[in-house]
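Next comes just one chain, in structure tokens: the form predicted alone.
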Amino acid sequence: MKKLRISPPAAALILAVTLFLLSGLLPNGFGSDMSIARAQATNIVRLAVFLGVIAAGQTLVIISGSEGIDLSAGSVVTLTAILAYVMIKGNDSMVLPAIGVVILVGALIGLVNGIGITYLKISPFVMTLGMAGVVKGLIIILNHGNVSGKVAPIMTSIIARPVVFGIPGAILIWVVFGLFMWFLLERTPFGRNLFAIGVNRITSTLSGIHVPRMNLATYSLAGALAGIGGFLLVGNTGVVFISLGDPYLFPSIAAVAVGGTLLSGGKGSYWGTMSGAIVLTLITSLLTTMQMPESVRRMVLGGTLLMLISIYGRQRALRQ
């Protein structure tokens, strides 16, 4: 008799729906009022958008294997958010040039990470952690004194407000972004090669894959995606500060793990990361509603992460 096994992305989504339904039983929950339930669900998904986009680059790096991780993502998000804020200065016509700049800056930082990891043989953990320090220094230099800028009205109207049928533009952007990531991972040579090097780099090299080039492309793309995350985040908050992206660093790694991507590389999906981002955002929202202290929030998030990873690991063992 064949056992029913649930994929990690589906398991994460089921957990999210269960937690959301349970939240309706809380004193401040939505109860049986469906309009309030829809509003709360929409707001949770909207908040998950920014974590999900920032975690996209982390997904690529982790799938690539070889202990891949990007600890510079939070600093890149902050730097690109500040650059967008300063460039735009409330001018709609500067939005597209700002998007180009943040993508380029993020990609350049990612390229430096890739060069250090690929050719200087520096551990991804050490290289990206060091780069986080360098970027943080650049942020302090840029932030010395007053940062003069302002988000454009079009950013606020598209990202933070409802656009179609009461759905915020950020969610629609995330849907398109998710389709792009699915196409990149599942329907392009880059995606196939990425999974291949994550499984075994020696075999991939013998198969004709240029592993160093893939490494550079992966970290560059991860940096560019973090830059997009910074742009969307400042469009939502409307303000910048020196630690804007820091709270998203470790949750971006956790979202990838909760979504079922193997931390050893070679297997995963962005749909899983999206599910993981929703789960983490929902748990954080519930704990905030319950007025739990920060220490309890961290314990619950850490325990949830360990529980899901252990379940996924058991499923892989059963399949083998």
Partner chain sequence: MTVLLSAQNIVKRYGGVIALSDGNLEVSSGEVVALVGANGSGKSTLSKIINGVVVLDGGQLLLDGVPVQFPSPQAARKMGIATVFQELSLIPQMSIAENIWLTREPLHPTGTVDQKEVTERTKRLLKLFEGTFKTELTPDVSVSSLQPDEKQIIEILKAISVDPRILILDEATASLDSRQVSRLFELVATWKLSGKAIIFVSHRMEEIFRIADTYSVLRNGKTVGSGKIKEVTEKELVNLMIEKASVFTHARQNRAGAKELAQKPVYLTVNALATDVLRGVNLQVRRGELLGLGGLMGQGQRELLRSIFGYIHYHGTINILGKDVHYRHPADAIKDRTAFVPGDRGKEGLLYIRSILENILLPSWKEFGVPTRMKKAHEVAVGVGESLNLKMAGLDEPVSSLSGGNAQKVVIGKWLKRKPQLLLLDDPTKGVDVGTKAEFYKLLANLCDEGKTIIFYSSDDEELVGLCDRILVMHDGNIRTELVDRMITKRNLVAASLGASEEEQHE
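Positions refer to the first chain, counted from 1. Since the model is a prediction, treat every value here as computed from it, not as a measurement.
There is another form of the same protein, the form predicted in complex with the partner chain; it is not shown, and what comes next is about it.
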Partner proximity in the predicted complex: G265 to the partner chain, non-hydrogen atom cutoff 4.5 Å: yes
Non-hydrogen atom contact F195 with the partner chain in the predicted complex at 4.5 angstroms: yes
4.5 Å heavy atom contact, F180 and the partner chain in the predicted complex: no
Heavy atom of H210 within 4.5 Å of the partner chain in the predicted complex: yes
The partner chain in the predicted complex: contacted by all of T188, T203 and L206, heavy atom 4.5 Å: yes
Candidate stretches 249-257, 285-293, 54-62, 266-274, one within 4.5 Å of the partner chain in the predicted complex by heavy atom: 266-274
One residue of M94, V199, L138, I158 in contact with the partner chain, assessed in the predicted complex (non-hydrogen atom, 4.5 angstroms): V199
